[in-house]
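Quick heads-up: it's one chain on its own, the form predicted alone, in structure tokens.
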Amino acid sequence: MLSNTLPNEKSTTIYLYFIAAISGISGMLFGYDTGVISGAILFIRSEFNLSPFLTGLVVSAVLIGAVIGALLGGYMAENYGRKKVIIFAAIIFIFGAIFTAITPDIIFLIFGRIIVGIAIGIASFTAPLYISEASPPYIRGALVSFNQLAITIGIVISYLVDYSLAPIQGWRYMFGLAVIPAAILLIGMFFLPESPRWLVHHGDLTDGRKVLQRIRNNSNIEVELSQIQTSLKQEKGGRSELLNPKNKPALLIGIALAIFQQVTGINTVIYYAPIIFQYAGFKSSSAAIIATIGVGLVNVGMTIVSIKLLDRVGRRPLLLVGLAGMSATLILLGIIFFLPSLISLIGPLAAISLMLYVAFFAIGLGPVFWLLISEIYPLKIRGTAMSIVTEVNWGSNLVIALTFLLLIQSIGASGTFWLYGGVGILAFLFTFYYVPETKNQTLEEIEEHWRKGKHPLELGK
């Protein structure tokens, strides 16, 4: 059994918060570039006279890129380091923002959104991975989930930008403004260190020790270094190690949660919220966007609540509460759209239900998914495993985004929301019987648990 001598609260430096804040800007770009399309698509659809399929393709193009980015990012993060990969993503964010802002036609717009998506796919798992490997156990949940908070802030900013530019239908400006945070991320990352665990993994013990000393207040970092070295000696590397029977439970958990996070419908709300509100009776684009801003603010507020609870209550309870609430509100949304007698109230009721749905997502499945996949994999395969899980996440996202409007047309809004709600119930059952609690466990202790071949729910007991 590895030593339980862990860094305490006094061991956290301001510099560590600075690391989380700067790298978290990639999360804000993730949120902005996925959220901005919700308002922009109202004007793009009109300007280019798009069919439902082409509308879905424009929205989903960023997801095609994200799948590619997740695939490339795993190899890059393992071989070139977490820091360099985030810098690379920032450069792609800048190029993609400029390209989509000046695009001459719909084909180039789709291509530009794919470029942006590549950056999102890379950053979506590399930033949580980077923060997780730098953080002590007692605050790892909060710091990693700061990236999720940045995502929600980025979404709200995108909604506000959409609203402010709606009168001039300025969808090109909506895309182009992403250059500003991307440039800040690019500059800021040059002042941050490489992940100490990645450095030790690649044989640079001296620099790994220096980084740990800088991000821990206490000078005694030898126990932590020893744990990292011990875990490396006991674990093989390579993609083949992912199929090791002892690692399969962790891989299954990540893949299942990746699918559930998307197939419960969250990004249909992020991408199509104004369109959903138009279905619900909000006549003008501005009114629909204002209602969407309210949803975004709830997302931010409840993510803050989640950050405060993750390292106190734990990951598993928040995940269970969140999934139960999401399922209930999705079923309620289906009822609202199904009953004609509610037509006069459908707008306000839909808005309230969507806000409750997002609130439950923000306290559970939203932050907990990205946190768990940054914790549960052995160091030598952590980047590769997170890459594969992120590929599944974005692939599921793509399927949902492409099929949402088609589902609305074929089985109606009520049937669509009921379908998502049913998946939420399955996700709850999977979590209850299989997803472990990782609170207060070092990354090395979690790794040792899988090596012993124990059931996931025995972790920490």
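So that there is no doubt, residue numbering starts at 1 and follows the sequence shown. Model, not experiment: these values are computed from the prediction.
Note that the form predicted in complex with ligand BGC isn't included here; everything after this is about it.
- Shown here without its partner, the chain carries Q148, N299 and W370, all of which come within 4.5 Å of ligand BGC in the model of the complex through at least one heavy atom.
- Checking 173-181, 80-88, 261-269, 330-338 against ligand BGC in the model of the complex, the stretch whose residues place heavy atoms within 4.5 Å of it is 261-269.
- In the model of the complex, ligand BGC lies within 4.5 Å of some heavy atom of T152.
- Interface membership of G383, defined by any non-hydrogen atom within 4.5 Å of ligand BGC in the model of the complex, is ruled out.
- For the chain shown alone, G366 is a contact residue for ligand BGC in the model of the complex, at least one non-hydrogen atom being within 4.5 angstroms.
- In the model of the complex, ligand BGC lies farther than 4.5 Å from every heavy atom of T416.
- Contact residues in stretch 27-50 (any heavy atom within 4.5 Å of ligand BGC, taken in the model of the complex) are limited to F30.
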